[in-house]
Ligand code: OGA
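First comes one chain, alone, set out as structure tokens in the form predicted alone.
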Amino acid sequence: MDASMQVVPSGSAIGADILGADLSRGLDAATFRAIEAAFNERSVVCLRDQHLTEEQFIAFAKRFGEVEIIFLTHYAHPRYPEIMLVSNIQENGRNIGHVDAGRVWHTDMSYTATPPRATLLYAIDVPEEAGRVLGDTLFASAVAAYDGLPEAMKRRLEGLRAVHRVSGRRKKTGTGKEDNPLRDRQPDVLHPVIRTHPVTGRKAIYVSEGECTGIVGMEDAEALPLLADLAQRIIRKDYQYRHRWRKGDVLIWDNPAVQHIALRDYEWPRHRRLMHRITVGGSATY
């Protein structure tokens, strides 16, 4: 294991920086195990000051599991389909990447039958103004939110399953309209309202407002307010971590354990943002 590597907790409920690890040189098994352990414990970890080729980024992501290809393939890297471009940059009047990613609180790809274990985002360009970096990302612990539920609420939620619809949150916010025909083709899926983490075994609230359109066997008049209440419980301030980006960051988050939202305080062409994103496959929920 690299003796110079340090894990520095954020001071918030989740989040940590990992310093002293150079992903471009590859990692021995012990060093990767230490990174993975920090990831499992802290839910969001950032490896600072990285300088990676696309091949190196993909190779690191594959240490966590099988890389997934999302259905929005027109935002894929032109040479590396494993990488999705998250960017506000326009070329010839067209967005080169997914400009609208992360606008609302969510967990990635919960609309799939086996949602991803992890998402990795590598910061190529970060927007700045007057020396201040823009475009922070907020994360919230759905595990802490579950732990904070009253026991009676935990019992009420046992065995409930929510309907997840990929187009739900986009139609709720009115954003991303150009991709809605693709979203509409994705089938609804069911997931437990309370999900058990496949690695740590901890329980988490697994709903997001808008994307979850109902609860099986429950009238909407009861289900929708319950879903909204649970979604708000997840994003309590004391469950949050705020990531302030730096160029060269490789940020990894645990989708079964957290939700996130990307702040949109920047705009093209005044500000330039480019991230490489990879999602790593997970398992069926329970």
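Model, not experiment: these values are computed from the prediction. Residue numbers here begin at 1 and follow the sequence given.
Same protein, other form: the form predicted in complex with the named molecule, not shown, and the subject of what follows.
- Contact here is defined as any heavy atom lying within 4.5 Å of the named molecule in the predicted complex, and by that definition not a single one of R117, P256 and V280 is a contact residue.
- Though the named molecule is absent from this view, in the predicted complex it lies within 4.5 Å of a heavy atom of just one residue from L121, L157, A144, I83, which is L121.
- Only one of N88, T213, T137, S167 comes within 4.5 Å of the named molecule in the predicted complex through a heavy atom, and that residue is T137.
- Of the heavy atoms in R233, none are within 4.5 Å of the named molecule in the predicted complex.
- When the named molecule is considered in the predicted complex, E209 lies well away from it, no heavy atom lying within 4.5 Å.
- Contact check for A101: a heavy atom falls within 4.5 Å of the named molecule in the predicted complex.
- Not displayed here, the named molecule is kept clear of K203 by more than 4.5 Å at the level of heavy atoms in the predicted complex.
- Between 256-264, 224-232, 53-61, 39-47, the stretch whose residues reach within 4.5 angstroms of the named molecule in the predicted complex through a non-hydrogen atom is 256-264.
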